[in-house]
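Shown next as structure tokens: one chain only, the form predicted on its own.
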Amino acid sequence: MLEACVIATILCGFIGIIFKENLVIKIISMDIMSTGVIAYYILIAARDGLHTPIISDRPNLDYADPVPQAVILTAIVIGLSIQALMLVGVMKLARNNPTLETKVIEDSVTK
């Protein structure tokens, strides 16, 4: 069930990127798709019987690998940075164009 929700989230983001014309909605769709990919990665990495890698008194515990956590945190930070950069680009684009619709912007540039 969780896998279906995660795949649906990724597809919703992908459809938004492909079919929506507004640039802000495209950026939000990209964020939704990124969230789905991160959730899918976490869903695959989660396993029963593993403990967090913290030093404890109990001997012989199986610890989860901390590298996927670091990768996910890095992906979140990079995704946030890319979103901020794209929003700045959209703001600069909005200064010269009255709309954020891609077709209208393309038509105004080609004329």
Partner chain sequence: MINNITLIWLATPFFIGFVIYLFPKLDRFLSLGVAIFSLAYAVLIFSDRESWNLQLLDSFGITLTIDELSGFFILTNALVTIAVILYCWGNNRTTPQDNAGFNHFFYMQMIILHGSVNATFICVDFISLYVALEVISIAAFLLIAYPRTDKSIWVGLRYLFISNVAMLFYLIGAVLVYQAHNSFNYAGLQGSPPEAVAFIFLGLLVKGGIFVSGLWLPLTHSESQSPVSAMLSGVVVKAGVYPMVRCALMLEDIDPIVRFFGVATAVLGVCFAVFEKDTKRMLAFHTVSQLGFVLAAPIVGGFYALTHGLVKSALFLITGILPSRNFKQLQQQPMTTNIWIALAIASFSISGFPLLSGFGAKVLTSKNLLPWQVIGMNLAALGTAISFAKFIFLPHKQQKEVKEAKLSWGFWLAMAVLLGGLIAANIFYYQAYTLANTIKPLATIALGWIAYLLIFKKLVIKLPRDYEQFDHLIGVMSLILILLFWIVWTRSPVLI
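Residue numbers count along the first chain shown, from 1. Here, rigid core means the biggest group of C-alpha atoms that superpose within 1.5 Å across both forms. A quick note: this is a predicted structure, and the numbers were derived from the prediction, not measured.
What comes next is about the form predicted together with its partner chain, which does not appear here.
Although the partner is absent here, L61 sits far enough away that none of its heavy atoms falls within 4.5 Å of its partner chain in the predicted bound form. Contact annotation: P68 falls within 4.5 Å of its partner chain in the predicted bound form, judged by heavy atom distances. For I78, a non-hydrogen atom is located within 4.5 Å of its partner chain in the predicted bound form, even though that partner is not displayed. In the predicted bound form, at least one heavy atom of I44 sits within 4.5 Å of its partner chain.
Shown here without its partner chain, the chain has I10, F14, I17, I18, L23, K26, I27, M30, M33, S34 in 1-36 lying with a heavy atom within 4.5 Å of that partner in the predicted bound form.
V67 is among the residues whose C-alpha shifts by 2 Å or more between this form and the one not shown once the rigid core is aligned.
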